[in-house]
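Included below are structure tokens for two forms of one protein chain, each presented in isolation as structure 1 and structure 2.
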Structure 1
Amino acid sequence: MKTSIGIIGSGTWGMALARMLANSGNDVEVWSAISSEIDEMLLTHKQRNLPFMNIPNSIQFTKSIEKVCEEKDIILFAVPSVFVRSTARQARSYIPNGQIIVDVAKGIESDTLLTLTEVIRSELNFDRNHNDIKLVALSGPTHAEEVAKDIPTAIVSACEDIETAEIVQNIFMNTCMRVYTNTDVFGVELCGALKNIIALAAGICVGLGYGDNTKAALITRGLAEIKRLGAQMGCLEDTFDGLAGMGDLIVTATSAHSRNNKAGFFIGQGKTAEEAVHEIGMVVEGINALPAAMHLSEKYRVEMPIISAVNDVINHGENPRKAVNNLMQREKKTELSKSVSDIDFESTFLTYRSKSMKRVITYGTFDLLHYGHINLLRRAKALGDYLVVALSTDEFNWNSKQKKTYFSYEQRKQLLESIRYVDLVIPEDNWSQKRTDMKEYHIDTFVMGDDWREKFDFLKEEGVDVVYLPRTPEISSSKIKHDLYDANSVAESKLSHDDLDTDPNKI
């Protein structure tokens, strides 16, 4: 059974995919906002920036956005990031609710900080009649120039609904294109946007005459920056180590096909950003992604020195060589995400103690430690021999849980370490680290309060027992804070009345 696919956008990536999908036996129709592009391709059967590629005769072209959206199994958005919102608005009335839409553009909207699938969703559902659109981000290390030559390529189909991701996987997968699935749509799109900025940095360094050492350092530390931001935003770590993260970063920062890499090279040689873009002759998405990247860095309080340096060069006229020198002169850092003492402590228990020891883990903020917390920790420890407590960091509490603790992370950690039921305290930096923790700490049993019932059942897939313990009903940190607030209010009110009764000037 043929699949009917409408492709919105006739640039190099849209046309490379159009050719691939048509050669796989699908019905493909292409629309462009630029009528002259349609006329040229109808006449020449070529995309001007892919002159070696012949456009199959089976591909249909249209100048009507209504027609390209009509009765399609899949609509593919392949327009530059800055035109995604306006194009979605233009297509809205022709797209049915429930439509599968695949976005292949990469970027983050600078004023709203929405990823491009979020932009499409918000624009389509502006009329409240498109609340069931199924959006997929298709991303990875995929240069159009190589896909157009049937060179083996791998890509990621990301959708919160795994069944929809698998539908797209089945349609796009063939002998030259291998498609993987992922449910972390935001993480995939974050990687796709920010890797372009790191590619600009890599190109700048080549333009300055630096070598492979510099480029390797930028790629490695650039990925670390992207992962730090993603962790704060709740993305899955696997995403950053996969095709959409590491894979796409490598190809974009090293390939001669990369517009971002080329643009960076010209800037490193002394051209302005505007001159570099003119030289490329196509959209350079890394430059477009800079404002959103800087806003996200500030919003989530994540240090991103390489991306900040690129922003200084592109948007503030910083000398590229001086920007590199500033990066090299930054304060000394470690690659380790934990302190040496914590690593040694964990190693002592987790490596040398008996492998038959049953390990338990629980998570929480544990602010204003009270007997309800102690009861939970006591019952958790009773389920095994060794209890690990993942303690929410101050940054995680503020950025992801939107709450401020009374005690700092280090103070809460000291309190927990003083409790005889607790064997090890580790930091909880993000929502998605739980799967990794189960493996890293060889966990047998995961424990949480029963107000989280069923929320972490997915950890059973890791071979872990998941237990939800009842909370101590009459006590909670929130209740303590509420009672203290009420008591203070009553005391202040009483003091005010006493002052009124005893101050002769107020009688």
Structure 2
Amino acid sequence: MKTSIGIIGSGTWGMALARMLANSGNDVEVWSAISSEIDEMLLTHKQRNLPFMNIPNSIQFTKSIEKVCEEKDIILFAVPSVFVRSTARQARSYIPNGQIIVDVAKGIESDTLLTLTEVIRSELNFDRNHNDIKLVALSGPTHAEEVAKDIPTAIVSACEDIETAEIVQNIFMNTCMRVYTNTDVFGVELCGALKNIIALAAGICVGLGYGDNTKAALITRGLAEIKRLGAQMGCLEDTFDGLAGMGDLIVTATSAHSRNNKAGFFIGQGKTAEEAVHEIGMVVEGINALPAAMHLSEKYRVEMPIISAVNDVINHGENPRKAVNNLMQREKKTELSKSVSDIDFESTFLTYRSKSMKRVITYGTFDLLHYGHINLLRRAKALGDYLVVALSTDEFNWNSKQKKTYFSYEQRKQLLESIRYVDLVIPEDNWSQKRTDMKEYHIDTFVMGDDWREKFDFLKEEGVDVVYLPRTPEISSSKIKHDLYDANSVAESKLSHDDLDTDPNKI
């Protein structure tokens, strides 16, 4: 079935995909913001950075962004990350509601922390006429230079709506390109953005004259950092072990094609970031991704030592060799992210976890953790595959609930994280965060004990199921405190009475 595809951006990746899609029999039209690029390709049938690749005659070119968006089955955004917002704004009035848009640029916007599909959505929806745009992130270990030579490649088509991900899978799949689907768009885009920074680190090490051991250590521990952040942000673990995570990290950190790797090499050799970018003459997305990565690391309180070290070298003039030494001298760590007892549970859970996971959230103080809480958490988890617990912070408890907890937030968090039903604990620091949490953590079901019945029905407007589960009647944190207090008072009065009976001096 012939598909009409509009490609916005005529860089190496845009043109390598244009060629592949045209050769698969699709109608392909390409637009560039730089009209001289269009003129050059019309004349030479070459993309300047892919001199060995012939541009198929069937590919149409246009200098009108309106025309490239007109009556297309798919619109492909293939512009550098820093131009995605302005390009989406420029294209907005020509893109119909309900359009499938595929983004292949990788990065996170430094000031908003939005991924690029979120940037496109926010720009298109600005006029409130684009609330049904279907956004797909297409990402993986895919050097344009190799795709341009039909070298066998694999990639991920990620969309919250699995049917849309499959439509894109069918269009981009061919004998040289194998496409997998994923619903964890945010996780795929987070990988795509942050792996470029690890590739910079790998290039710096090569520039310093270090070897494959160092590179392998960086790739392994770099993925662990990205995975830690992703888990805290509610992403799927499969995503990080998959093509968009591990796959793309390997290809970007080890390949001579990688601009991030090359830029890192020049920096390891003593050039500044500016000099390195100038030397390469093309966008180095890893450098653009640093501010957002540091912001996310701080916002989600996730330690990311390699990314921080790259940031010190590139943005704070740290000596690369010293930065590597500091990383090597850090305090000793274990590789295990969970206690051994959880490993069995994790592997069992991951084996049976369905791909389109249902994500559940619940909120509470969970002080003096008791079986009533466990009953709630167990039943909440049974409603899905992934349970997020929003735990009331000490300040929120005191200022908004007038509750003084026995255990601190960190202690209550540690207890919850040791429960096998709980996958992620996030802070609840205000009453009104629930709506945004539903979006940010891609929640399908909101759960609370039925003492809250009807109080959170408004969350149905966010497209989530709202479920109130019967409380476990006879137990509560306050009851525990009262009973202990009463028991203590009885013991004290008994003790003083016993004293009177047995101590002759007291008679």
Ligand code: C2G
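What we label the rigid core is the largest C-alpha set whose atoms superpose within 1.5 Å from one form to the other. Numbers given to residues start at 1 and step along the sequence of structure 1. Since this is a predicted model, take the numbers as computed values, not measurements.
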Pair member which, unlike the other, is the form predicted on its own
1
After fitting the core, I374 CA displacement of 2 Å or more between the two structures:
yes
Please say whether, between the two structures, the C-alpha of K439 moves by 2 Å or more once the core is aligned.
yes
Does D457 move its CA by 2 angstroms or more between the two structures when the core is aligned?
yes
Core-superposed CA shift of T393 between the two structures, in Å, is 11.8
Please report, in Å, how much the Cα atom of R412 moves between the two structures when the rigid core is superposed.
5.3
